[in-house]
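Have a look below at one chain only, the form predicted on its own, in C-alpha cells format.
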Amino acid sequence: MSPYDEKIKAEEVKAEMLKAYPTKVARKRARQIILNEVQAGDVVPEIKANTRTIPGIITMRGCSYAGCKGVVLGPTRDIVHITHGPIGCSFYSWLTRRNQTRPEKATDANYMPYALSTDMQEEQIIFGGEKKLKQAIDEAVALFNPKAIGIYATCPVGLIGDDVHAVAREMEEKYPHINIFGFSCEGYKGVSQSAGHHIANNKVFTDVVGLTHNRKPGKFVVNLLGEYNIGGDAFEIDRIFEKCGITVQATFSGNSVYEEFISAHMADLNMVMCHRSINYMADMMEKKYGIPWFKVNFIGAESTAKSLRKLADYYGDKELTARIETVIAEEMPAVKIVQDEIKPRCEGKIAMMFVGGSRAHHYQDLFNEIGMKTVSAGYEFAHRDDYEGRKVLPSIEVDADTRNIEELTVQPDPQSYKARLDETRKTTLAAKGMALNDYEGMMAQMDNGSLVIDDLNHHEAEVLIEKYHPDIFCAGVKEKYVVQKYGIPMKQLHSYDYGGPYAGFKGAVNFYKEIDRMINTKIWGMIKAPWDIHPQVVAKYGWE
C-alpha cells in the first residue's frame, strides 16, 4: 500500500470512529485523532492532549494517585509508602507494575512487598482520618524504623479535607530522624495520572533531593530519570553502564533507594527516558543545581547504541568513547544473530501501541528492528509536547486542570549550583547535533498517514482492530482480554505480563523472541470472539 493509500485508509478509520459520537463529542475527539504529516523541520500537526476524558467513554487512563505512588515513587524500596484512603487504592498500586529491585545485602531494607494503608472506613470519612494516619505512621516506625515515609492522599482524603502535610510535619517532629512527607495526589486531580507525576516530582525535589552531598566515585557520574525497572529493565541498563565505566548516581526510580535521591544533585548529567513522568525534575534540577539533561532511549538495540554514543559526545572523553564503541561492538553480534533469524518471519507485519509515558514511542524502534510497522499509536496521559516536541511549549494553553498542580519557583542554590557546561561547550555540542533540554516528540518519527490518537478508548480500539486487523496490539491490562478475544495477540507494555527485561541489548533479544512467538503462533486464528457467536444488545442514544 502506498503512503497515499494509507492516508485514505486512515481518514476512513477516523471517520468511522467519529460517526458513533454526538456532534459535540465528535468535534472534540477529531482534534485528538490526527493523521500524521511530518513536514520539513519536523513540523507536525497539532494534537489536542492533556484534556479531560469525556464522561461515559471507557478510557485507558489511570488517576493522579496511580501516577504519583504507583509510577514515580513505588519502585523505591526503602521508603515506606502509606496510602491514606480506602484499602482498594493501596491494593491497586501494590506491585501491579512489576517494578523489580535488588538489595545489595540481605539486611538492606526492602518495603516493596508490603502494601501499607490506613484502610479508611465510614467512621473516618465522617469524622476525619488524620488520627488514624498518625497511628499508621507510629505503627510503621515501630515495625520498620525507615529513613523516610511517604503519605499518599486518595480521593476521599481530599474531599473531607484531611491535611496529610500537617500530619507529616507533626510526625516528623515526633520522629526527627525520619523524613516524612505527604503528596496531595488525590485521584481526581488533573486529567490523568500525569498530574500525579508532576506532584511526585515537586515533593521529591523540595523534600528529598539535595539533603546530602555524597557523590559516588567515578569519572562519569550520571542520573537516569524516568526508568522504573519494569521486568528488570534497569538491571540491564546498569550492566551496560558498568561495562562502559559509567556510574549511576541515582535512578528515578527503578531499583532506587532513598540515599541516591538525596544526593542526586551531585551528578554531571540527567538522562531522561520517560519524558512525561520526569521532565519536571530534569528542568528543576538544572535551574537549581546546574545539571543539564538530554533525552535518551534504551529500548531497542540501535537506540541503546545511539544513546550511549550521545553520552560519549557529551563528555568528549576519548577513553570513554573508545570503551563505549567496544561495548557496542561486543553486544551487537548476539543481537544481530537473533534479529536476522526473526526478521523474515515478522517483516511487513503491523503493530499498534497505546501506552503511557514514552513507551508508545520507544517501542516503535524495537518493532522497526525486526521489520514491523507501527500504523497507529498514542499515549494515555501525554501533553502536546510529548507528541509534537518541546518546541510547542510556549504555545500550550494553561487551563484550570493544569493550574490545579503547583508550579514551583526554582532559583539557583547559593551553595550547590554549579554549571556543568560553559557556553563554548554548549555551542560545540549543538554543532554536533546534540539537543540539550529537548525532546522531538513521537510524531516526528512516525510515518506520514499513520494515526496518532490521544487517550484512546474502548470503542476506538475496536474500530482500529476491525479496520486494520493488526498483527499485534500493545496496551495495558484493561484492554488485554478484549483484544485477545478478537483473535489478536496483545502485548502488555505497562508491566510486560511475565516477560522482560526489554531494555538494552539483551532486552532487545528478549523482545524479538517474544514478538516472534506471539504473532507467528496459529492459536489466534482459532479464537472466535463471543460477540461473533451470540447476538449483542443494540441500543440508540436518546438524541438519535
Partner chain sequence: MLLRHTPKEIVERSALTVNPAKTCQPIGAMYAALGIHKCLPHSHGSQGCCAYHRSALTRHYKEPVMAGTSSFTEGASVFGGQANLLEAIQNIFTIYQPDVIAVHTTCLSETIGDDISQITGKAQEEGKIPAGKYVIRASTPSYVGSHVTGFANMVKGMVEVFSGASDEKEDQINVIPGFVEPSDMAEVKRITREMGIQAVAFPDTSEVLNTPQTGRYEMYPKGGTTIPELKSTGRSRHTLALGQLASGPAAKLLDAKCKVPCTLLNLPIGLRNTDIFIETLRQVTGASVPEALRLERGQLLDVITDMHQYFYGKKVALAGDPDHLVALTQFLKDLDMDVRHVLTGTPGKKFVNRIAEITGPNVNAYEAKDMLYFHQLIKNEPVDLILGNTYAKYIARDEDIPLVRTGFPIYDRIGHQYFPLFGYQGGLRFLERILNALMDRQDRDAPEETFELVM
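For the two forms, the rigid core is made up of the largest set of C-alpha atoms that agree within 1.5 Å on superposition. These figures come from a predicted structure and were not determined experimentally. Residue numbers count along the first chain shown, from 1.
Unshown form predicted together with its partner chain; subsequent notes refer to it.
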Worksheet item: Given that the partner is absent here, does K24 sit within 4.5 Å of its partner chain in the predicted bound form, heavy atoms only?
Response: yes
Worksheet item: Closest heavy atom of P394 to its partner chain in the predicted bound form, within 4.5 Å or not?
Response: no
Practice prompt. Please check if I87 has a heavy atom lying within 4.5 Å of any heavy atom of its partner chain in the predicted bound form.
Written response: yes
Fill in: is_contact(G182, its partner chain) in the predicted bound form, heavy atom dist at most 4.5 Å
no
Discussion item. On the criterion of a non-hydrogen atom at 4.5 angstroms or closer, are T96, A136 and Y481 all touching its partner chain in the predicted bound form?
Written reply: yes
Practice prompt. Could you work out which of I240, M446, M120, A282 is the residue within 4.5 angstroms of its partner chain in the predicted bound form, going by heavy atoms?
Written response: M120
Practice prompt. Work out which of V38, I57, M518, A30 lies within 4.5 Å of its partner chain in the predicted bound form, going by heavy atoms.
Written response: I57
Worksheet item: Since the chain is shown here on its own, which stretch among 124-132, 225-233, 314-322, 300-308 would lie within 4.5 Å of its partner chain in the predicted bound form, judged by heavy atoms?
Response: 124-132
Fill in: Within 186-223, the residues that have a heavy atom no more than 4.5 Å from its partner chain in the predicted bound form
G187, Y188, K189, G190, V191, S192
Item to complete: Determine, after fitting the two forms on their core, whether K528 shows a C-alpha shift of 2 Å or more between the shown form and the other one.
Response: yes
